[in-house]
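Only one chain is shown below, in structure tokens, and it's the form predicted on its own.
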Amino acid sequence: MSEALLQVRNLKKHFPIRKGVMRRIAGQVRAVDGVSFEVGAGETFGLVGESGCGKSTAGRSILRLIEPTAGQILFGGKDIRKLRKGQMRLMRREMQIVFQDPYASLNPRYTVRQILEEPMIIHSLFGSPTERQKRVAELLETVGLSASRMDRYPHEFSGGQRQRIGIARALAVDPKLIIADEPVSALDVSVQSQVLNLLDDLQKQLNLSYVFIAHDLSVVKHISDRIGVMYLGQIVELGESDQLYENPLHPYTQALLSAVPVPDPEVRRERIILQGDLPSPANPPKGCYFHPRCKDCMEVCRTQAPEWKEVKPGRFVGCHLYD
């Protein structure tokens, strides 16, 4: 991996549970519970897991759209958790986000021109209206839309086109890192591939780094260099994309991959059915969080949390099977 642009170390985000008339704290929801990974310059790091595992919360915590409870977030060597409000505002030029829902993430009262000019105005870029208009036209052409449509409103575009506008908005300030929070999950399958190819092309042109959050394993494989698999607020396995798909180590990863459809009707894959429901992050199980649903559960799994270890070069897993 190239030199790390982003380093996330033991990131935690716990939400308080308040009860009673006095709204006293009665517990905590451990949405993100000790996540660590790195992203190199020009690399795509995929973060995958089932709904409710904490992927989106981790992404927003990295950008401090929500404040982390604990942990360290280093971007270009700077700990962004220690930055004051003004400093963080400047840092956000380097770190942008593409949201999941292209229908909700664009202001319906703004034209596309106003949507794309807003981050330029906030960060004092392209001082004159003429310069900003020229930049808006460039951004629209970059994401495959006609500059002649810049004075239209979001409702006049399709879902895929709106997501392209969201990508253009993220590019408006020339960031180094983009958090892509399930950017294609709300789109038709035929449109998903177009947006993924656009992200891939932009990465090559602009040397962008991505944290690509998704629950669709086939989508993550297509775009990611390395992948972290999340379960109940923790990363349980991490490795290069091809290696992880060819030889999943953690029982949870094995179960996820067994559910991915195979295009060849002659190939029969044994499906691993997980037992029970996803435990509540407000009351996670003792020991290994995955043990109540694990087909390989041992006695030690019920009492001791597994150690996070490198079992092969670049392959990390948290599982007692590899002690």
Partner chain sequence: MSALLEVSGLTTSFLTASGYLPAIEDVNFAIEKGETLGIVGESGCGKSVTSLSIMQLLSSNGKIQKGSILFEGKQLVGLKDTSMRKIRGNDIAMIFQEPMTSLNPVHKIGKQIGESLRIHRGLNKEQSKQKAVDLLKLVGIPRAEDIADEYPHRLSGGMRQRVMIAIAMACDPKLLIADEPTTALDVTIQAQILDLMRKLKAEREMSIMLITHDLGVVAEMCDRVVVMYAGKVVEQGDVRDIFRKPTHPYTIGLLSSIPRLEDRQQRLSSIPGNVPSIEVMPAGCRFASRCPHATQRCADDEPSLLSVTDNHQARCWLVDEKGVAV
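None of the values given here were measured: they were computed from a predicted structure. Positions refer to the first chain, counted from 1.
If you look for the form predicted in complex with the partner chain, you will not find it shown, but the lines that follow are about it.
Note on contacts: among Leu140, Leu177, Leu106, Val219, the single residue with a heavy atom within 4.5 Å of the partner chain in the predicted complex is Val219. With the partner removed from view, the residue among Gln72, Asn207, Ser158, Asn247 that has a non-hydrogen atom within 4.5 Å of the partner chain in the predicted complex turns out to be Ser158.
When contacts are judged by a 4.5 Å heavy atom cut-off, Asp200 counts as touching the partner chain in the predicted complex. In the predicted complex, the partner chain sits within 4.5 Å of a heavy atom of Leu256. When the partner chain is considered in the predicted complex, Gln114 lies well away from it, no heavy atom lying within 4.5 Å.
Contact check for Ala282: no non-hydrogen atom falls within 4.5 Å of the partner chain in the predicted complex.
Contact with the partner chain in the predicted complex, judged as any non-hydrogen atom within 4.5 angstroms, is confined among 294-302, 61-69, 22-30, 48-56 to 48-56.
Contacts between 57-75 and the partner chain, taken as any heavy atom within 4.5 Å in the predicted complex, involve no residue at all.
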